[in-house]
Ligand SMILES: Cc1cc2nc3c(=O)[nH]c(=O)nc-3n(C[C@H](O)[C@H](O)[C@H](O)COP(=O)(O)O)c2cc1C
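Below, in structure tokens: the form predicted on its own, a single chain.
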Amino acid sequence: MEHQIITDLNGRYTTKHYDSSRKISKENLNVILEAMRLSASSINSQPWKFIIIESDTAKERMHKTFEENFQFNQKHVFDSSHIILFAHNPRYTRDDYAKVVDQSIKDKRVALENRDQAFGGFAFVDLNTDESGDNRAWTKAQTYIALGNTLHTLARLKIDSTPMEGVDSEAIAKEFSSELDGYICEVGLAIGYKDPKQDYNYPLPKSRLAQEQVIQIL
């Protein structure tokens, strides 16, 4: 199939080694951040927080979180341009959703007099919340939508990436406790530019199941 989107996605893969001398431009980073902000989520809940690891000080802190587990991903901290931590709210409440509703009013998507009705969508949160108020499985699922959108954006920008579920969530929670403020990070994303001479994954052909194996048109 000949289409720019397909070409870009065919070129996306999980980068195994980065060129530490190459950094993402401020212009492209701003596009990435705005694309993340615009990600879809159920009932527009946006139950996430994105922490951008950019400075040397922040990278030192992130590097420490790999001391006990997942050391194979540790090299990406300094070799890649940035690390993005995708965090989710484990106890999303009506007060959290009120911020979304009030922003919708500010953006003139919802009329002020319809504020109470706008909370109807919160029923989806209730359906996914246990008796203790925990709904982390639901909020984590929303965060993965943002991760997918980010990967697509990076592919379009010709920026390489490495999704990392191989992160130490407990170590991150301890090291970045003030930034996370109760949110949970179980996945990170390294972004930057590959080192084609050292990245063994780069020259390998793309491999996916055939359309007829995964798609049914009824």
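Because the structure is predicted, anything quoted here is derived from the model rather than measured. Start at 1 with the first residue shown and count on from there.
Omitted from view is the form predicted in complex with this ligand, to which the following refers.
Remark: all three candidate residues (72, 166 and 206) come within 4.5 Å of this ligand in the model of the complex, counting heavy atoms only. Only one listed stretch (79-87, 141-149, 110-118, 97-105) carries heavy atoms within 4.5 Å of this ligand in the model of the complex, and that stretch is 141-149.
Checking 25, 14, 198, 20 against this ligand in the model of the complex, a heavy atom within 4.5 Å turns up for just one residue: 14.
Among heavy atoms of residue 162, some come within 4.5 Å of this ligand in the model of the complex. Residues of 41-64 placing a heavy atom within 4.5 Å of this ligand in the model of the complex: none.
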